[in-house]
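Have a look below at one chain only, the form predicted on its own, in structure tokens format.
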């Protein structure tokens, strides 16, 4: 298999404009003859469905949620990046491009990243036109704040609920098209397979999660915008129903899975409280604009705090270690997420953590409140402080917040070319579900940027180029490939229900999550990864033999839904570990303990690993085949990252 990135020739700043011009067009009258399936209604899915319907395509839009508004994009807090330079602090498209490539530790495709930076300004204009209530300065201009990995203020925000407001804007655009009957929206439908005809993606198989009915849907192209796979760790900041199933089933049909080991650990999460906790809660990275991260300098002081014998407010300044400011004076508390996370783990490993478990550091707003006043801090972050109080019963205004790193975002995903099409013709992948823009570490506030860029400004052009060139005949539900996919889905469902074991699904998910966090989490090493590769097949065998899925397939059955997703997570977990073992370097969120500098920073091996690792499914029980897309850097020089 040859992975063709299809990056156009020419200077990087002209690639997208010239490519758009050279793409074939679909006549407006002919667009009505084409049907496109979009799976997902988050920022990428909703914006794509709305944009393509506006152009004239007939769109079928699917979500496993009961409303398009419940997509996980709604949980994003801190902001969305765009190179508009409203602050006049030196920002530009080129600087956003550079920061993103550097932040991803030089493991992303240059052309895709530049296009993302290039269209970022259009996203803000689009969302303002939709009525998204971005924060504004006194004079009326949109306000900006800083995020990790940048020395300019380019993050647009709506307090701590930016994702919610952006999703409502995309949702309104989507529902306008639903009302116009250009989009058919199917809620509570879970995608369980991709239908391939002559090697092309021509439809999907879904299960109605209320009635249990398995159905097939055919189209001229399929777009997946189904988010990331962070819940493979069980405990993450993702909503409980976030899963990898749609992407994984596409992978089983031949779509390569790229860089699965690239997992983002977010440094600003409320620490784990107990053994039976089901998810973790994120505190926005935007808080690091004004909050200062610290732990006591002395282990004895940390121990006294953990035993509730001492208050953090009683620790004097000369007894506090503001370790990010100390180690990275140029960026301070706004270093990228992978750097901040590793440093928090480091001080906790030294015994200076402040949570009861020892796994926690402080995020302190004392100095910001003294400087700006309580009302200003409340105006910027009020809902985040309210959320922290609801969960911990502590006031972040009066006592430093406690935070610790947690799984948040996944940079890996299905491999796509410059047109966002996978190696399976007709199967396009948007947003977090693809691998394309963030390299080995995503800068904060760039997820929303990528989702909307892909949906509003990239896929409407590139899918047209594909449809104009593809003259395949229409496919009906009586086609043999459709029947084969339907039969495969039903057989998989029947197998899960037939197990009749003794253990609930969540038991296996927790076991997998613990294994992944300990062996393939914030830090990885060869011995641990090899142990995980030996343990995961045993867990899979135990799951198949001893899982208990009560109920039937012909009605609402959440245990059945979870069982299918956990089975996919087990297979994905094995691939993540294999990919992490194969990549014998440290880069961004992938930290191999054998590959670090004397100061504990990630140490890349550009000679051997400057590539995208794309894995091809070869069948159950078969080792996957690794394909490599070389990464070339013509505009940004490969250097060791430094935020000092």
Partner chain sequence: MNVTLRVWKQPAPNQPGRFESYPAKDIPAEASFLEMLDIVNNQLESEGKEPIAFDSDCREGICGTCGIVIDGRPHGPGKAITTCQLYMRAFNEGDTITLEPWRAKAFPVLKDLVVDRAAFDRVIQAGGYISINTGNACDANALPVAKLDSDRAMDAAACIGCGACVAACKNASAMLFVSAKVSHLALLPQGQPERRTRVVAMIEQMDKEGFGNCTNESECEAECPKEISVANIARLNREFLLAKLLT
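Positions refer to the first chain, counted from 1. Keep in mind the model is a prediction, meaning the values are calculated, not measured.
Keep in mind that the form predicted together with its partner chain is not shown, yet the notes after this line are about it.
The chain is drawn here without its partner chain; in the predicted bound form, the stretch among 60 to 68, 575 to 583, 590 to 598, 35 to 43 whose residues come within 4.5 Å of it by any heavy atom is 60 to 68. Remark: residue 136 counts among the residues lining its partner chain in the predicted bound form, judged by a heavy atom distance of 4.5 Å or less. Although the partner is absent from this view, residue 359 stays clear of its partner chain in the predicted bound form, with no non-hydrogen atom inside 4.5 angstroms.
In the predicted bound form, residue 606 stays away from its partner chain, with no heavy atom inside 4.5 Å. The shortest heavy atom separation between residue 77 and its partner chain in the predicted bound form is within 4.5 Å.
For the three marked residues, 492, 531 and 602, no heavy atom of any sits within 4.5 Å of its partner chain in the predicted bound form. Between the options 393, 88, 330, 308, the residue in contact with its partner chain in the predicted bound form by a heavy atom within 4.5 angstroms is 393.
The partner is absent here, but in the predicted bound form a heavy atom of 128, alone among 468, 374, 481, 128, sits within 4.5 Å of its partner chain. Counting a residue when any of its non-hydrogen atoms is within 4.5 Å of its partner chain in the predicted bound form, the one hit in 507 to 523 is 510.
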